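Okay, so here's just one chain, in structure tokens, the form predicted alone.
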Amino acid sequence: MVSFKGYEEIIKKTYGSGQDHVFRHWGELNETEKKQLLDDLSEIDFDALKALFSKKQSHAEINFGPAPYIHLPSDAAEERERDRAAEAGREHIEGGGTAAFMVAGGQGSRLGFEGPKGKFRIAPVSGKSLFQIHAEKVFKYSGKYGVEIPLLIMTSRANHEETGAFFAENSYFGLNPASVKIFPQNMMPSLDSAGKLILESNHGVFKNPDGHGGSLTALQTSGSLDYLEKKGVKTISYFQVDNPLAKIIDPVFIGYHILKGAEISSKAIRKAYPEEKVGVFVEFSNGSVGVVEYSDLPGEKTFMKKGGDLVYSSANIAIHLFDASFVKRLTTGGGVSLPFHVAKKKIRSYTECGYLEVDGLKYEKFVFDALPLTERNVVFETVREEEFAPVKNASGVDSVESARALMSSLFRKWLESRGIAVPRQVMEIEISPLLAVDPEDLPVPLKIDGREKVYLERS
């Protein structure tokens, strides 16, 4: 058995768990590297990892129907209910009850960009980054509702330092640095097909991010939940960095969440076509509401129609509201917890023969698995063109090009809804969040110059 002063307990636990192969290269390591390996091992819950490996992967429940949802208003009574929700939402926001939570752990490699995806310049005219657009929205919302809205940002081990430096270099885009909390996602060790830890170097254990569901755990481990509790925040508005159209602080959505007493609320859009690669909201046989991924939706349900419309049409766009007290119960042993999912992947492993690819098991959590654990949740329909422009690919579907086109189209629609004429020669138009986050924020009258590209910024 190897030895290192101060680490006797973790060394004993590693041997007792049958994972002593990680010390195979111990004789090659210097003191610093030995400590790094032991610190890595100290973060692992060996008992939980063993239980995960022993547990058979559960299959998605197949007994479900379409989930009920709050649809877009179609008559005067529903418009009045929407107005009532908007008023309740505004009161909640103005009372300091809401925080924004951006999940931003991804890299921009699929976009041909090195660095955090949030640094990618997506704005069609100004070239602002995703980070800047979202931060300026929070700045505008804070001014609009007369309250400082906290912005929480979850990064990954790969981009944490660069993300923090980017916000600092840009003076947090006008936000109070004390109200911006940037923290990394937790990591989960992967196992090989025999249940053994995989080494990424002779002194490091291979770990992967614990999935977007791990964002809720990260709120707890980072101290952000305690921070929000002290601020009096009750509602956490969750969104992903790669959606520049995300309406981060939406009083109507928040209002329904409050009025319905929901622990989680989720936005949904109509699927564009049956095979669209999005999860759908469903109601399980026990009455709980959740999400089934497109890959788990049986073929007959994928194409099922009623009255000409898809039956399973409510698509998940990863925009949620979380009751802060529910997240605390979920992440502090309050009787409920998110399950882990396992994915079989090829993983580059450090071995006695050098680096080899091995069959590995990656464990991660999905944030939508929290929905069936609630007593009450709400699915709220919204308009795709107004709130969903994911930047996933360099070209084609859900691409840089499609996102910029959707942004420009929405801004044109805003202007026209306010009776502001847009000259025909304008091909691309962009409205800064500092000027408007909703069409009613636009000053009237407003004259638009007849240039090919138009950028509207606050004066």
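Residue numbers here begin at 1 and follow the sequence given. What we label the rigid core is the largest C-alpha set whose atoms superpose within 1.5 Å from one form to the other. Fair warning: this is a prediction, and the values are worked out from it, not measured in the lab.
What comes next is about the form predicted together with a small molecule, which is not displayed.
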For this session: With the small molecule left out here, work out from 227-235, 194-202, 96-104, 267-275 which stretch has heavy atoms within 4.5 Å of it in the predicted bound form.
Result: 96-104
Exercise. Mind checking whether each of 90, 148 and 249 has a heavy atom within 4.5 Å of the small molecule in the predicted bound form?
Worked result: no
For this session: Go through 372, 164, 174, 108 and name the one with a heavy atom inside 4.5 Å of the small molecule in the predicted bound form.
Result: 108
Exercise. Which of these residues, 209, 255, 184, 244, gets a heavy atom within 4.5 Å of the small molecule in the predicted bound form?
Worked result: 209
Exercise. Would residue 117 count as a contact of the small molecule in the predicted bound form, using a 4.5 angstroms cut-off between non-hydrogen atoms?
Worked result: yes
Exercise. Within a 4.5 Å heavy atom cut-off, is residue 219 in contact with the small molecule in the predicted bound form?
Worked result: no
For this session: Spell out, yes or no, whether the shortest heavy atom distance between residue 190 and the small molecule in the predicted bound form is within 4.5 Å.
Result: no
Problem set entry | Exercise: residue 404 in contact with the small molecule in the predicted bound form, heavy atom 4.5 Å | no
Problem set entry | Core-aligned C-alpha movement of residue 207 between the shown form and the other one, 2 Å or more | yes
For this session: Using a superposition on the rigid core, decide whether the Cα position of residue 254 changes by 2 angstroms or more between the shown form and the other one.
Result: no
Problem set entry | residue 343 C-alpha moves between the shown form and the other one by 2 Å or more, core aligned | yes
